[in-house]
Ligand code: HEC
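A lone chain, given as structure tokens: the form predicted on its own.
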Amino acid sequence: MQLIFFTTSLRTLPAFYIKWFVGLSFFLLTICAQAETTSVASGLKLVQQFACQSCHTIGDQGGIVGPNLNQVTIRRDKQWLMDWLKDPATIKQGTLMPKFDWKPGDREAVIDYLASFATQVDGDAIIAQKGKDENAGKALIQAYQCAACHKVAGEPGRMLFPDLTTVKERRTPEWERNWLKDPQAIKPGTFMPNFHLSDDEIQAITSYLYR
């Protein structure tokens, strides 16, 4: 109702005010875009300064000591990333990730830079295209970049966490579905993020892992 009232009121304004409003809106959008671009550029400088790619892959370059970070902003929300960058050991004891001396705004800039590599995952579209079976499961595993932390059969991946190639030898499909639904409910404090997968996505991924 408020939007309808606003647009209706806007039509009754003199042309001068309408032009002023449109101009102001464009100006603000331009300022926001410039600020985001500046933040991404600052993030790149910080990533280079702290040699993040000596351990992590970002873009198509970097090390394999830590997780691939191209989809990290899909796996984790901004607050989690802010907390992690502030002091990694408070989230994961024994982590090899060092604690850096960030200045105000640095962590936000790094997150903005990493977000520039992320590709949003449309699980519904993948399911619609490939079905609910293992074909969709493979595509979802690639889209969510599970290989950033895990080894998966037929896919290059990290050995930082359990090898998913042999998960069917250790866990039942029902356990896996419950795990993918909410890892924290199964193991409080686990490093595994909650991807908030739909039931169809969970079924497809499980089908692929237990094919």
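Residue positions are given as counts along the sequence shown, with the first one as 1. Since we're looking at a predicted model, the values are computed, not measured.
The following text describes the form predicted together with the ligand, which does not appear among the structures shown.
Peer 1: For Lys151, is any heavy atom within 4.5 Å of the ligand in the predicted bound form, or not?
Peer 2: Contact check for Lys151: no, nothing within 4.5 Å of the ligand in the predicted bound form.
Peer 1: Looking at the partner-bound form in the predicted bound form, is Gly62 within 4.5 Å of the ligand by any heavy atom?
Peer 2: Outside the cut-off, so no.
Peer 1: At the 4.5 Å heavy atom threshold, is Ala185 in contact with the ligand in the predicted bound form?
Peer 2: Taking the distances in the predicted bound form, the answer for Ala185 is no, it never comes within 4.5 Å of the ligand.
Peer 1: Residue-level contact is defined here as any heavy atom of the residue lying within 4.5 Å of the ligand in the predicted bound form; does Arg76 satisfy this criterion?
Peer 2: So Arg76 counts as contacting the ligand.
Peer 1: From first to last in sequence, which residues of 85-113 have any non-hydrogen atom within 4.5 angstroms of the ligand in the predicted bound form?
Peer 2: If the 4.5 Å heavy-atom criterion is applied to the ligand in the predicted bound form, 85-113 yields Leu85, Lys92, Thr95, Leu96, Met97, Pro98, Phe100, Trp102, Val110.
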